[in-house]
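Next up: just one chain, as structure tokens, the form predicted alone.
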Amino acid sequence: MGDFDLVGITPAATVQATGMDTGPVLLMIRNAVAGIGEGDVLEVTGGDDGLADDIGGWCRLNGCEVVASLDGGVDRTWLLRKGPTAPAWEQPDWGISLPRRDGRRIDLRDWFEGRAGDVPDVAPTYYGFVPRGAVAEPGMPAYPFTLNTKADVWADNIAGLYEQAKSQQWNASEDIPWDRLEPLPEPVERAVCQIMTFLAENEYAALYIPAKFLPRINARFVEPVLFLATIINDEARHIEVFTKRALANGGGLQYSAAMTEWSLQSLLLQEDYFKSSFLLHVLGEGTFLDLLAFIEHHAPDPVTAEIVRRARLDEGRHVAYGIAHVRQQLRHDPTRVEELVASAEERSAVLQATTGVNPPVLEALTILGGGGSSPEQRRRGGGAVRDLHRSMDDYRIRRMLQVGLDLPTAQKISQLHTPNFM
């Protein structure tokens, strides 16, 4: 701070903050300021480095002035003068009713009314977990949100996808016809168990990645937060049901390749939400849709078919969000296409040293595609797997065209995509 004339200043109250975290100290300061008069001075002694960063902002929000900041070596002391007026509370909404669908339902799509419906383009961090639309008392603490703009996380279809996610939830214990699972020839059962092992392994990544980003999203953007919570729930259910299928019919969990783990780690380490959404939801889970469709088509039993059918419906919502989110970002800033190309190139470079396609998974898909392990069945299955790879490439390109990439860029990124599928 600058030079101050401190002669004659006698604090009306003192807050001792030594050894305390910033949050409780700011609350103590607030209570102490409420108990002194206009123009009186509060002395604050001690506090961690966070308090030094936050006390000025707190004073601006609460009508106080930092008279002095004195460094005493061990502890720092602040002198705060209470201003003439405290910031006034805003007025909450009243008298706004939401419409009823079919005369009875209220969807998430219907709550964009009044203050609650005012989604900011940029959200401050000091509202914390105050529900959007509620009136916040001045002087709230800042939260460590890092995704603070609407463009960071929004998609125009977000409210509708959330409604779909609620209506299409299912139970991996009760909604799968486990009683219809009959013994299969050993090579076929092993193939199913290997594929289920692989699917579950990939779904761990699809669970952990949105869970990592969720606490970074500013709570002003509650709709994406709620939808990501449904994704996490979906993936937890997928891990459960794929694992159960591997164990349920006398087989067991099979092999995991280093290629798979390197590929999934490269997804998990991506710290940019825009790039992560593209790599996971558009490319990874998009390709997973095609894989699940292949498994459903060639499933040797009704239980396996029903499991992947339900999982595919869930994954379709995740892909729909990714496409809409990335498309919206690129409309806002078309130059970000370069970031998507770079992220695919970086991931491809990381995975170049690995062994390529997971051999046990490739063999399992071949047996599944051919209906067995005889030479003729393997030949037929090999053709089906080659067709699968061609269709994966075709649909990846189509999804990238949907987000706004041109054809050469989409083709380039598709060629760079990991042979791990996800």
Partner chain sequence: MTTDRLLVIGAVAYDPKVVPIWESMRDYFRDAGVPIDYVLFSNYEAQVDALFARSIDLAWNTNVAYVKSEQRSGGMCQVLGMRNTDVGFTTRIVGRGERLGGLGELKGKRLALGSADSAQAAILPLQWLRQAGLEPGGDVELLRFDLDVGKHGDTGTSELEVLRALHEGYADYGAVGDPTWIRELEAGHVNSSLVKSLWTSPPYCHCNFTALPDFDPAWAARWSNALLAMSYNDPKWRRLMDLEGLTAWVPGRKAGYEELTFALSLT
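Positions refer to the first chain, counted from 1. Just so it is clear, the structure is predicted and the values come from calculations on it, not from any experiment. The term rigid core refers to the maximal set of C-alpha atoms that superpose within 1.5 Å between the two forms.
What comes next is about the form predicted together with its partner chain, which does not appear here.
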{"item": "Segment assignment from 217-225, 304-312, 259-267, 135-143: heavy atom within 4.5 Å of its partner chain in the model of the complex", "value": "135-143"}
{"item": "The unique member of 359, 371, 383, 50 whose heavy atoms fall within 4.5 Å of its partner chain in the model of the complex", "value": "50"}
{"item": "Residue 367 within 4.5 Å of its partner chain in the model of the complex, heavy atoms", "value": "no"}
{"item": "Touches its partner chain in the model of the complex: residue 26 (any heavy atom, 4.5 Å)", "value": "yes"}
{"item": "Residue 60, heavy atom within 4.5 angstroms of its partner chain in the model of the complex", "value": "yes"}
{"item": "Contact of residue 43 with its partner chain in the model of the complex (heavy atom, 4.5 Å)", "value": "no"}
{"item": "Contact set, 160-196 vs its partner chain in the model of the complex - heavy atom within 4.5 angstroms", "value": "none"}
{"item": "Core-superposed comparison between this form and the one not shown, residue 370 Cα displacement 2 Å or beyond", "value": "no"}
{"item": "Residue 30 C-alpha relocation of at least 2 Å between this form and the one not shown, rigid core basis", "value": "yes"}
{"item": "Residue shift check between this form and the one not shown, rigid core fit, residue 19 Cα at least 2 Å", "value": "yes"}
{"item": "Sense of the change in Cα distance from residue 21 to residue 130 in the model of the complex - at least 3 Å versus the shown form", "value": "farther"}
